[in-house]
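Quick setup: one chain, the form predicted on its own, written in structure tokens, and binding and motion questions come after.
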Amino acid sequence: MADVLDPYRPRASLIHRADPRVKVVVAVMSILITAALPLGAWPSYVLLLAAALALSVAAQLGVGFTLKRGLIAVPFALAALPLVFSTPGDVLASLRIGPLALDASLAGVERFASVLVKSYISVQFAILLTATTRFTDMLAAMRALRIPRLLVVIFSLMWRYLFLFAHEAKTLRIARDSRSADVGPKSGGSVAWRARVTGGMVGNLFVRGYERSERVYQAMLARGYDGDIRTFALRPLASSEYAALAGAVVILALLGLLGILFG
């Protein structure tokens, strides 16, 4: 279960060995600059995506790994689909649904495509960060970068409780399977019955997860937890790491400027 949930992929690449503070800063800056690029800045989009894929190859993850995992951004980006019909401009196509007429404009398609591509690129950099950096190292990097302590604690507990919820869900599934008879593809009743059972399992999972979290919190208090997550101090950055960080910042700034000029 831990192997499935943990996005970290151990490799012997230079990116894996890089300091987590450098990787966190570069990843966050890449995501922020991608989000801040104007609509239609296609040269910057292409260069940022090419940089993400090149880093994926350098990290020995493979292009297919990040490309497939980046598809998780597509369902969320579909929330911007109304832009195709609500943005004024030259009409490309018309869609009629009863009395409702929807006109897809060229400007709307460009806006939607820009949002979709920007979301996909941002997820690419997030995948690279999580696949090449252990979560504990990211927490230590956040503390070293002076990110608010409460925010780091929330991230840490969220990560740990994710595995607890997964364990509780697996226990519920095993209990359900042990009490159910599989008599063929039509076993299990109607769709409404399945939905009712699933809803009951989700509610049971919430209650069990809440009770488990209370027990875990009491155990943490008994062991001296005072609201802070303590980690070992990271070593000072080397001059080569400062140089790599400065080079990445300059490249990202140039890509952002390129997007402003051609967007």
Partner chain sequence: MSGTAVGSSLAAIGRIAGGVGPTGGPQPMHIPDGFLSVPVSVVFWIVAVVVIGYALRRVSRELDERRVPLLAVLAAVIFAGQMLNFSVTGGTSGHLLGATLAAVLLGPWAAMVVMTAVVSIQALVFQDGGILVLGANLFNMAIVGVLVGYGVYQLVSRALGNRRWAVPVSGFVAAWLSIVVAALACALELALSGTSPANIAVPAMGGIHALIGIGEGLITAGALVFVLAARPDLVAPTAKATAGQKALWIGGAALAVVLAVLSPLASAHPDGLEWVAEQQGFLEAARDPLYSIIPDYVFPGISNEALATIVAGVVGTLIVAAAAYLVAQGVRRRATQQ
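No experiment lies behind these values; they were computed from the predicted model shown. Superpose the two forms; the largest set of C-alphas matching within 1.5 Å is the rigid core. Residue numbers count along the first chain shown, from 1.
Just so it is clear, the following notes concern the form predicted together with its partner chain, a form of the same protein that is not shown.
Heavy atoms of Leu157 reach within 4.5 Å of its partner chain in the predicted bound form, making it an interface residue. Contact annotation for Ala233: none of its heavy atoms lies within 4.5 Å of its partner chain in the predicted bound form. Residue contact with its partner chain in the predicted bound form: Leu150 places a heavy atom within 4.5 Å of it. When its partner chain is considered in the predicted bound form, Ala243 lies well away from it, no heavy atom lying within 4.5 Å. Residues Leu32, Ala35, Ala36, Pro38, Leu39, Gly40, Trp42, Pro43, Val46, Leu47, Ala50 are the members of 32 to 50 with a non-hydrogen atom no more than 4.5 angstroms from its partner chain in the predicted bound form.
When the rigid core is held fixed, the Cα atom of Phe85 travels less than 2 angstroms between the shown form and the other one. If you fit the rigid core between the shown form and the other one, you'll see the Cα of Val117 move by less than 2 angstroms.
Core-superposed comparison between the shown form and the other one: CA of Val152 displaced by 2 Å or more.
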